[in-house]
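Presented as structure tokens, the chain that follows is alone, the form predicted alone.
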Amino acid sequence: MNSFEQKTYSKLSSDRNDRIRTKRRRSSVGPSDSNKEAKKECDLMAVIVDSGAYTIKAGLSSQQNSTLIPNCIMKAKSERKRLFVGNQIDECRDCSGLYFLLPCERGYITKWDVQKPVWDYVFSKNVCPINDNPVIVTQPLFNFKSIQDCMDEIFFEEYEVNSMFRLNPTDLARLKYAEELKLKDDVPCVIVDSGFSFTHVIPYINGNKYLNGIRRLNVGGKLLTNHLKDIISYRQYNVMEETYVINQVKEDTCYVAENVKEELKIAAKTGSANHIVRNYVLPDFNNIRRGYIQDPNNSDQKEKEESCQILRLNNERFIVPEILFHPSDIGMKSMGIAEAVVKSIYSCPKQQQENLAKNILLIGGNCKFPGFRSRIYADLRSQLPQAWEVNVYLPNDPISYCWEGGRPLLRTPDFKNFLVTKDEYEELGSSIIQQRFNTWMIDNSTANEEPKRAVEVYKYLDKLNSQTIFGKQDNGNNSLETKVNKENINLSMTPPENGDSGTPISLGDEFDLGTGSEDTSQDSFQQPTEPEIISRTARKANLRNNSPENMVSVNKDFESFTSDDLTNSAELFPLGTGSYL
């Protein structure tokens, strides 16, 4: 081999060795940090579904915002043959007189033939497909076991999800609140969830729901919309079938008043002095798709408004949301939201009550009323101790705030242990899975109550024994045994049948009418016979001795004396009650 060939061979061999070293170096180093983070994000991706009674918030955890879908099926008068599911209502040409099919009653699923088509639309390819991702779905507080069984069956058998986790929406809201304000996981807080069907007040202590402090109000957005329909139908137009339109009127015009009495005085005025009154232009679904508040300075819209109906809203704007704070205004025997929060805080352990008042979170659609937060703060500030610090937090979007709490849940270290796979569902059954879901973030403990002080019982009977029927005090002992021994005021009395001197008897023995006997009356009085007088005299003589047998007889007399009906007591009324009546 010449020198040229040697140089060429050595160069090729060196290049080959460099390539081998590079491959080994790459294999030993492994993937970069960016690839690791990307892989981690892919592993933690899940489908988050906040299934509410009015809207369903769904979407992948990688999305910034959720998709709001109405949780109902609607029928329109203009298109009788078609059913509108979810967001398909946007395709309806005329939304007047919509007929709603709601799957929930009082917040719980009762009509599965309505809920299943809505979920089918949510998990379709065009909205939010599940694919192979785990599913996080919410359920209302204190959900029924039968409803949970149906949910598990639908998700595992119908949609064939690989894994699923079910929890309450307030659990997600607490995780989001702690992450957003950079609080510790064990910081106590109170969450007020005011939604479509009800309002819940849930205290969280050490990261868990404190069950004894939860309060529920059957007041929600559905009640407010129906009440507004009643008021408008009575005062202006018949809108009892226009639920869709009146709900938009409520969202666009209503607000929460800080001082209702002052607002009522202003609403009673006329002209420019009344700044509450508003004119609301109702939609005609030709030129106007959604109603709006009329602007008197805008001349361009006057032509459109000439053919539309206009609602004049005055005190309805603040009277309707006031039901949330005073349900008794419409005859409901229920407390308001502020009172429920105060009672919830006071039902928790004393060492946590002040900390709970510092972190109060408002979520739900009703919290979007203007002035809602300031009214809650004012009412709580007036009912809680002055030394406590009260903080009320209202997020920018209280409707989708719970859905946003799904991302902090995915970032928890042991989240994969929470998931229930389809194999576990088929092997363990639904009852075992429900225990895992329902015991998460729950505290069943009770508040440590202070020992009750000894209550001094006032003995009315003993007090009465120390007095005669004429109110004169006895100087002796007030006890019953002493009273019995002091009844030895002997009076000589001869029985009517014998002429000789009779045995001395006491006044109480002679006129003893018995306790509660039916023969005693105020008109007739029977004198005791001689055997009865002798037996009573012998019993009184035995009381002077201290033998156990005599003490037993004293106790029997005491039991017969302490009856509930004092008017039949011979000791207090020896002559009967007829003379006093």
Partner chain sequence: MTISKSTLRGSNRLKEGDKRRVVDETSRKRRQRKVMELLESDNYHDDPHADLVMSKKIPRFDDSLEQRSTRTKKRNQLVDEDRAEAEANKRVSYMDIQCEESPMPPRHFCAVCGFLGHYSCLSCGTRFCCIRCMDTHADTRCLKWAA
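The model shown is predicted, which means the values in this text are computed figures rather than measured ones. Positions refer to the first chain, counted from 1.
Another form exists, predicted together with the partner chain; not displayed. Remarks below refer to it.
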{"item": "The partner chain in the model of the complex reached by all of Leu380, Leu384 and Glu404, non-hydrogen atom within 4.5 Å", "value": "no"}
{"item": "In the model of the complex, the residue from Tyr346, Tyr393, Tyr237, Trp112 that sits within 4.5 Å of the partner chain by heavy atoms", "value": "Trp112"}
{"item": "Ser334, Asn133, Gln139, Ser400 - the one with a heavy atom within 4.5 Å of the partner chain in the model of the complex", "value": "Ser334"}
{"item": "Which of 279 to 287, 223 to 231, 172 to 180, 364 to 372 sits within 4.5 Å of the partner chain in the model of the complex, heavy atom basis", "value": "223 to 231"}
{"item": "Contact label in the model of the complex: His275 to the partner chain, heavy atom within 4.5 Å", "value": "no"}
{"item": "Residue contact check: Leu167 to the partner chain in the model of the complex, 4.5 Å heavy atom", "value": "no"}
{"item": "Partner proximity in the model of the complex: Gln351 to the partner chain, non-hydrogen atom cutoff 4.5 Å", "value": "no"}
{"item": "Any non-hydrogen atom of Cys308 within 4.5 angstroms of the partner chain in the model of the complex", "value": "no"}
{"item": "Those residues of 337 to 359 which, in the model of the complex, come within 4.5 Å of the partner chain by heavy atom", "value": "Glu339, Ala340, Lys343"}
